[in-house]
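One chain follows as structure tokens, the form predicted on its own.
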């Protein structure tokens, strides 16, 4: 089953002067074709201006394609009558959690979405309890969001989306403003929502270490999908990624450089733990005098 189907999608930004005359038209998406299976975890990478954030906004009907179609669980985002159902089905989490948190108490903020769905009070309470539990923020339910760290605020923002029971969550660079600890907390939360709850995840990021946890990576450039595969397949193409102004995880980069120096390491190593699994036997072999490439 397809959660998302984007077919021949074009989108353009129009810049106008003070007299509303068109000054510049820039095409952000160019004949984009991309689908996402229900229950999958897809990471979208691309340099600034590649079109990845524009694509995210199309998934919730915040923007509509100039040409082509975007279907969410079979519903067309251009149909006004489908927008409410689409936004219930596909939740959005943005870069700055302060832009999504509107209440003075955590549990009230998480309850905002379900309240606007017109749910009964007991159902709202149940959803708030479940959502806070899922993101590990139950102990902070009576706190003011202003007292929370960046990572905790982002988890509250995610809880607010989870409380609406979406089939899919789209995260547009949700860790860009967080410190390393906050990033780890958010990514751990997102992974658990995918694995334990079966929620489809579309994660847009520029942190390569976050992308290794996805089932699939799509690389965008100039408004198109130019690479598509598993993390190991994508990060095996180090030089191609560099040409697209993208980096790779630190472990992948180090393994790539060591391989160029003659060490027999495979392509697509993703983590430091994995790299050590290959390096330790090589170093032991070298210590016992075996293998000229060791």
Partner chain sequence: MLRDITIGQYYPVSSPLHRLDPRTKLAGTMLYLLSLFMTDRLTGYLIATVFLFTVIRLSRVPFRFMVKGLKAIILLLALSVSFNMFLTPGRELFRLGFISITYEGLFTAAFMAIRLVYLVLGSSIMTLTTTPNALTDGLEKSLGFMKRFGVPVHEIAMMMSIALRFIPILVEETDKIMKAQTARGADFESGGLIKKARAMVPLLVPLFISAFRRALDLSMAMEARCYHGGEGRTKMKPLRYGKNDRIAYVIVIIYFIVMGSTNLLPF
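Residue numbers count along the first chain shown, from 1. Just so it is clear, the model here is predicted, and its values are computed rather than measured.
Omitted from view is the form predicted in complex with its partner chain, to which the following refers.
Student: Do heavy atoms from each of 57, 88 and 102 fall within 4.5 Å of its partner chain in the model of the complex?
Tutor: Every residue of the candidate spot has a heavy atom within 4.5 Å of its partner chain in the model of the complex.
Student: Quick check on this chain: which one of 263, 62, 226, 27 has a heavy atom within 4.5 Å of its partner chain in the model of the complex?
Tutor: Of the listed residues, the single hit is 62.
Student: Going by heavy atom distances of 4.5 angstroms or less, which of 213, 112, 140, 207 would be at the interface with its partner chain in the model of the complex?
Tutor: The option sitting close enough to the partner is 112.
Student: Could you tell me if residue 151 has a non-hydrogen atom within 4.5 Å of its partner chain in the model of the complex?
Tutor: No, residue 151 stays farther than 4.5 Å from its partner chain in the model of the complex.
Student: Consider residue 193 of the chain shown here, and say whether it contacts its partner chain in the model of the complex, taking contact as heavy atoms within 4.5 Å.
Tutor: So residue 193 does not count as contacting its partner chain.
Student: Taking heavy atoms and a 4.5 Å cut-off, does residue 145 contact its partner chain in the model of the complex?
Tutor: Yes, contact at 4.5 Å.
Student: Can you work out whether residue 108 and its partner chain are in contact in the model of the complex, taking contact to mean some heavy atom pair no more than 4.5 Å apart?
Tutor: Although its partner chain is absent here, residue 108 would touch it in the model of the complex, with heavy atoms inside 4.5 Å.
Student: Quick one: which of 180-188, 196-204, 122-130, 69-77 gets within 4.5 Å of its partner chain in the model of the complex, going by heavy atoms?
Tutor: Of the options given, it is 122-130.
Student: Heavy atoms within 4.5 Å of its partner chain in the model of the complex is the criterion; list the residues of 164-195 that meet it.
Tutor: Counting only heavy atoms within 4.5 Å of its partner chain in the model of the complex, the single contacting residue of 164-195 is 164.
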